[in-house]
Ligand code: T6T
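Presented as structure tokens, the chain that follows is alone, the form predicted alone.
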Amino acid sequence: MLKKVLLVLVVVALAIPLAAPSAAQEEKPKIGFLPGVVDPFYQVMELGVNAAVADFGLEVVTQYPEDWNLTLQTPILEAYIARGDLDYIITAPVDKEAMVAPLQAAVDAGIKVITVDTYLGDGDYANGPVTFPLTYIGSENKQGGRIAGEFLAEKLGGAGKVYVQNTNPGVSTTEERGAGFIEAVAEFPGMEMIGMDYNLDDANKSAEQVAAVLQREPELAGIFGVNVFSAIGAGNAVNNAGLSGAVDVIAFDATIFAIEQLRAGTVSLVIAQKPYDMGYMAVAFAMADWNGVTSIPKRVPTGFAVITMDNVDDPEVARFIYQVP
């Protein structure tokens, strides 16, 4: 991991030319940022993008899809391509397979693609089925799911019924989080996975699904919410049922809501990603590529901050809470 961090720092340093630029080098790339949906995670990522854009003296175009939906993200991408003035697109593909062709069209139009948070294909841009993106910057999501599963199983004493609130089928990140959680709890013989639902990034739908599970499974002991909307729905349903503290919720993504629920005792663990870092490094890698750096890594893991009641007030941990102006 230290070697990876050092490599990232070197690449970022190389993104800024040390010698006086020639007239040709004075041109700077223009970047399009296309997140997956409007939520605190991507809003913090946008802060990182904007900070890097300001540091490098670049221009960025940003547009959010209103929902996590292929039919909403694709037209924005097509409009970005049609502009004719973008050199790089930084994006979180909403589907690992269905967004391959639309993003390949961007590359065919001369725009380089960097994926953040979510990936295309299997995420192996060196040897996998999709290799055209410049790099993928994001969390090790299966590891994040395992962290959630191991923590919950140990907190429950290795025995109990648990459930996963997921978002959308076909999304690389949340699929891995769910799989990592299921693998982890399977290692505890007394743990029982009773199911997984997809809420389509709708917190109200998530709350309805969780409420139904709570009624059907009175012995349910824990819930893993794999993203912002899943954790919000799970927390609200548990609170509405008067089961705060009796049914343990693990929240992926450190929203203000998740932290409030942690302090209230509904949530026992919050797994924070580092969206600011993802956004900043994506711009830095685009600038490095623009300046001729050829050894940009195909995969850059950004790690997690694991937040509990024991460390939530530690400034070194609290800085990873998703604070959106």
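When you see a residue number, it is the position in the sequence shown, counting from 1. Source: prediction; values computed, not measured.
One more form of this protein, predicted in complex with the named molecule, exists but is not displayed; see below.
Engineer: Is the named molecule close enough to I223, D248 and S268 in the model of the complex that each of the three has a heavy atom within 4.5 Å of it?
Structural biologist: The answer is no: none of the three residues contacts the partner (heavy atom, 4.5 Å cut-off).
Engineer: Would L120 count as touching the named molecule in the model of the complex under a 4.5 Å heavy atom rule?
Structural biologist: No.
Engineer: Does Q273 reach the named molecule in the model of the complex if we count a contact as any heavy atom within 4.5 Å?
Structural biologist: Q273 belongs to the contact set for the named molecule.
Engineer: Spell out, yes or no, whether the shortest heavy atom distance between F285 and the named molecule in the model of the complex is within 4.5 Å.
Structural biologist: Taking the distances in the model of the complex, the answer for F285 is no, it never comes within 4.5 Å of the named molecule.
Engineer: Answer for T173 alone: is it within 4.5 Å of the named molecule in the model of the complex, judged on heavy atom distances?
Structural biologist: Answer yes; at least one heavy atom of T173 falls within 4.5 Å of the named molecule in the model of the complex.
Engineer: Tell me which stretch of 178-186, 101-109, 224-232, 154-162 has a heavy atom within 4.5 angstroms of the named molecule in the model of the complex.
Structural biologist: Partner-contacting stretch among the options: 224-232.
Engineer: Output the sequence-ordered list of residues from 35-72 with at least one heavy atom within 4.5 Å of the named molecule in the model of the complex.
Structural biologist: Going through 35-72 in order - heavy atoms within 4.5 Å of the named molecule in the model of the complex - the hits are D39, F41, Y42, W68.
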